[in-house]
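A single chain, nothing else alongside it, follows as structure tokens in the form predicted alone.
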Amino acid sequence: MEPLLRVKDLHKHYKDGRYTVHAVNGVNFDIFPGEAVGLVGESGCGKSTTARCILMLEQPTHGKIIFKNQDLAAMSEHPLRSWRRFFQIVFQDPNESLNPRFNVKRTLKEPLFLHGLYQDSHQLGELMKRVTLEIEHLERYPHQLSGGQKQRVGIARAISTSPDFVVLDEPTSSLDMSLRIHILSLLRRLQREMNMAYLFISHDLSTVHNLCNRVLVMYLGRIIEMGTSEDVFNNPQHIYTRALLSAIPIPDPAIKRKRILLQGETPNSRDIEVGCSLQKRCPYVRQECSFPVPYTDLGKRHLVACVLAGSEIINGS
């Protein structure tokens, strides 16, 4: 099967006075039709910037975004606009992403009109049913909706053009736990019904484990481990991935887990190391870590940017 999306050597740099901020630093991955891929990592590691570059909301500094065999990064604005119906985004905070002057009807009509897809009010009613909202909500404004209702309007807007690919940028982080479960169930159902591919950005590893087929672990603008959810969660081979997973709360107090604490602080993204980006914090650092680190392929597309991946040093720790 051909990938729906191929990200090749993606870089995004920003100028900060005399310095250059390396927000995204050579990212490569594929997403296949109907697949849910999680992108995880601590705040500031480049997750949202990667997503914005993929959707061409930010112009990449370097690299290719191959979507349906077309390089979006090489397109001018006019042809790119016609492609936007095929990829959409659900933002983190619906209070920021919904126009307070638009009622729900206008919010949902806007992308349909823009792409010449609007038919009639029945079309809007079907969208509301899909996201479990009532028809009467069409006349309401954002301030008249609850947090969960606002996020479902954002989801309805994203799926209105029947996209092949949707970025979910921490879509449940502003909701309480009960609403979070409902929204995740809705997203899972919509993906199944519409065969959409997801890029799910989150720092909530438990949610990613439940929703996603594959996981990409990001640190300082680089993907340092990728693989199936089963491989990454049950057999992590990068010390950073292990440290992230060791911080997941366990609901059973009788179960004890050894917490892995990395030394020092996350370096500034202005100071990118030539070799492994974790070398100043890793307890197993060695001389070869100061050189560019290729991916070690552990099979089943489980790739790890670590010279010790698969070794007894990691697996015995």
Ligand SMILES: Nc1ncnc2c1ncn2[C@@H]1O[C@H](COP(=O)(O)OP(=O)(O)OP(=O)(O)O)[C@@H](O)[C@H]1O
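Note that the structure is predicted; figures quoted are calculated from it, not measured. All residue numbers refer to positions in the sequence shown, first residue = 1.
Here the subject shifts to the form predicted together with the ligand, a form of this protein not shown in this document.
- At a distance threshold of 4.5 angstroms between non-hydrogen atoms, G46 is in contact with the ligand in the predicted complex.
- Contact annotation: K280 falls outside 4.5 Å of the ligand in the predicted complex, judged by heavy atom distances.
- The closest heavy atom approach of E42 to the ligand in the predicted complex falls within 4.5 Å.
- None of the heavy atoms of D204 is located within 4.5 Å of the ligand in the predicted complex.
- Interface residue among L308, L10, V304, A23 relative to the ligand in the predicted complex, by the heavy atom within 4.5 Å criterion: A23.
- Only one of 64 to 72, 287 to 295, 46 to 54, 258 to 266 lies within 4.5 Å of the ligand in the predicted complex by heavy atoms, and it is 46 to 54.
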